[in-house]
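Shown here is one chain on its own, the form predicted alone, set out as structure tokens.
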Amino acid sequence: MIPGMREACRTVHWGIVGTGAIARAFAEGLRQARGAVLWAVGSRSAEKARRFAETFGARRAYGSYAELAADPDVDVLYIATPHALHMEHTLMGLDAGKAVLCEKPFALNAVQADQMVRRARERKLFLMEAMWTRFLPAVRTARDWLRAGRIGALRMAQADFGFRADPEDEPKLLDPALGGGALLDVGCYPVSLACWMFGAEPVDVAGCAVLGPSGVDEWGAAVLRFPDGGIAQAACAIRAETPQEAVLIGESGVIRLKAPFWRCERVTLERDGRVEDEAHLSLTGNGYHYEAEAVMDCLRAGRLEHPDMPLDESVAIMRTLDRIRRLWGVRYPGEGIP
């Protein structure tokens, strides 16, 4: 059990760092999470924090992230700031003695991710990357089928995530200083899915992308080869719509995670071109409560990481994303990697 947790009711007090779209989605999801209380929110603007707290029922609102981290009644922080700030705000939370759930991508690069993991382990505090897709019932069903050998050994995987963003409405997506571009924003979903399903870090990476005027990737694709010879294709875009389906191809069958795979509600198992099995698992609410409940289960049990999103794997995924970006020629200012 985490220090200071209320033993009688076993509720967990959440603090949300940031007030943007993903923070709002997570706050909405917490309404469905068993034993969760949205205790506080922090923003660079006291007024934004106050409005957010009123909308989602947070008990306290802070006009700085540091004040939120210092709140003695907050058990766990959810980091919902831009990619380039994930390391700073995660370390802030850990140094304040808080458990941390950090939104994907885990960091800007693997060097940062490694620092975050080291700090969590030094302080013996819980830390997890918020790859919410891994905790959705339909996606977990697909992995259970794979683990049970229902399509034989996994040979290939294909997944894509692309949408058309309006640069005027979402300028941060094209801002290299904030870690903009398709790969870190949405390409991390197919890459993470492939690494999870193959259960390993790729040994070879290939690919190419088209960079926009700001220097970030606007669309691109990567091919990953895994130690057992498995191959995954991952495509992403922020200036084009893609089908957003994921396909797992085994030696004796195919599993399809129906679009959009990153919030999948239907999965099928096909053999010889026919559907042999399928599962319809509709999300409760907006689906963010599944990862929140997974975090709280770990905190109540005294675990420092989740077995389905372990820290070493988050660092390995960041290494893979780094390798893809080097091939694509995408660099972020001041990140300190070649």
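Just so it is clear, the model here is predicted, and its values are computed rather than measured. One rule holds for the numbers: they count along the sequence shown, beginning at 1.
Although not depicted, the form predicted together with a small molecule is the subject of the following passage.
Report yes if all three of G18, A80 and L178 come within 4.5 Å of the small molecule in the predicted complex by some heavy atom, otherwise no.
Yes.
Going by heavy atom distances of 4.5 angstroms or less, which of P105, G93, G220, P190 would be at the interface with the small molecule in the predicted complex?
Looking at the other structure, the residue within range turns out to be P105.
Which listed residue (R303, K48, R271, R34) meets the criterion of a heavy atom within 4.5 Å of the small molecule in the predicted complex?
Only one listed residue qualifies here, and that residue is K48.
Only one of 141 to 149, 202 to 210, 112 to 120, 128 to 136 gets a heavy atom within 4.5 Å of the small molecule in the predicted complex; which is it?
Going through the listed ranges, the match is 128 to 136.
Y65 near the small molecule in the predicted complex, any heavy atom under 4.5 Å?
Answer yes; at least one heavy atom of Y65 falls within 4.5 Å of the small molecule in the predicted complex.
Just to confirm, R44 within 4.5 Å of the small molecule in the predicted complex by heavy atoms?
Result yes; R44 sits at the interface with the small molecule in the predicted complex.
Could you confirm whether K98 comes within 4.5 Å of the small molecule in the predicted complex, counting heavy atoms only?
It does not: once the small molecule is placed as it appears in the predicted complex, K98 has no heavy atom within 4.5 Å of it.
Even though the partner isn't displayed, in the predicted complex is R266 close enough to the small molecule, meaning a heavy atom within 4.5 Å?
R266: no contact with the small molecule in the predicted complex.
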